[in-house]
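What follows is a single chain, given as structure tokens, in the form predicted on its own.
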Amino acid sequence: MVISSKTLPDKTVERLSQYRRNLLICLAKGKQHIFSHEIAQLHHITPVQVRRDIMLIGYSGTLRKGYDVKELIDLIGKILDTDEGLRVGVIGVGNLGRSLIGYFNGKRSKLSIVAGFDANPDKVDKVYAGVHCYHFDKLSEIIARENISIGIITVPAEQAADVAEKLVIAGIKGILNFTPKPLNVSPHVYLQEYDMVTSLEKVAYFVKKQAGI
């Protein structure tokens, strides 16, 4: 088994994360081996795509049994995770921020939300799903103290650019932007933007096409 040292394409990384999630479910049900067409069916993609993704990380199955589920889960973990784990901060502890904290809590041992930040005094110094909320003014201090390397932005759109700038100055290496405001950040910071309105409109478009509306 050879772990690829190359930087993988964005979409491959996304699919590997999705594969691991469903492979963990399969393993919990007692499934020890799985074929590419079974993984493909779970993710509504082609078996060829699955095989390409898995070949990129240096793994291969057998014609008779397919992929070893536990081995594949472990290998994806070595590709996606770090040995010491990464720590995450959520900036904006409104409804969305609190939902993300609650949902993600305990989902991944190598990726943990360790702090929330907000300017609302009613939220500061409260604990949400085990995560302490600090005042936004303490952003740089807490990021340094808690060794936070990823920031999730869930503030109102008009505040997103200012928050992103402060995160970069504080030394954040990756940003997940949940606001509809497109951001520009330093090239050394990885930026992932997720616009829920755009995603919903995409779903609506295909519903419209299928229904002939």
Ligand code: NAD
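Bear in mind that the values here come from a model prediction, so they are computed numbers and not experimental data. Throughout, we count residues from 1 along the sequence that is shown.
The discussion below concerns the form predicted together with this ligand, not included here.
**Student:** Looking in the model of the complex, is this ligand within 4.5 angstroms of a heavy atom from every one of 93, 157 and 179?
**Tutor:** Yes, because 93, 157 and 179 each have a heavy atom that approaches this ligand to within 4.5 Å in the model of the complex.
**Student:** Looking at 114, 119, 80, 111, which is the one with a non-hydrogen atom within 4.5 Å of this ligand in the model of the complex?
**Tutor:** Among 114, 119, 80, 111, a heavy atom within 4.5 Å of this ligand in the model of the complex occurs only for 119.
**Student:** Looking at 64 to 72, 147 to 155, 36 to 44, 50 to 58, which stretch has residues with any non-hydrogen atom within 4.5 Å of this ligand in the model of the complex?
**Tutor:** One stretch meets the cut-off, namely 147 to 155.
**Student:** Indicate whether this ligand has at least one heavy atom within 4.5 Å of a heavy atom of residue 163 in the model of the complex.
**Tutor:** Within the cut-off, so yes.
**Student:** Taking heavy atoms only, is residue 89 within 4.5 angstroms of this ligand in the model of the complex?
**Tutor:** Outside the cut-off, so no.
**Student:** Please check if residue 200 has a heavy atom lying within 4.5 Å of any heavy atom of this ligand in the model of the complex.
**Tutor:** Flag for residue 200 set to no.
**Student:** Would residue 204 show up as a contact with this ligand in the model of the complex if we use heavy atoms at 4.5 Å?
**Tutor:** Contact check for residue 204: no, nothing within 4.5 Å of this ligand in the model of the complex.
**Student:** Heavy atoms within 4.5 Å of this ligand in the model of the complex is the criterion; list the residues of 121 to 147 that meet it.
**Tutor:** Going through 121 to 147 in order - heavy atoms within 4.5 Å of this ligand in the model of the complex - the hits are 123, 136.
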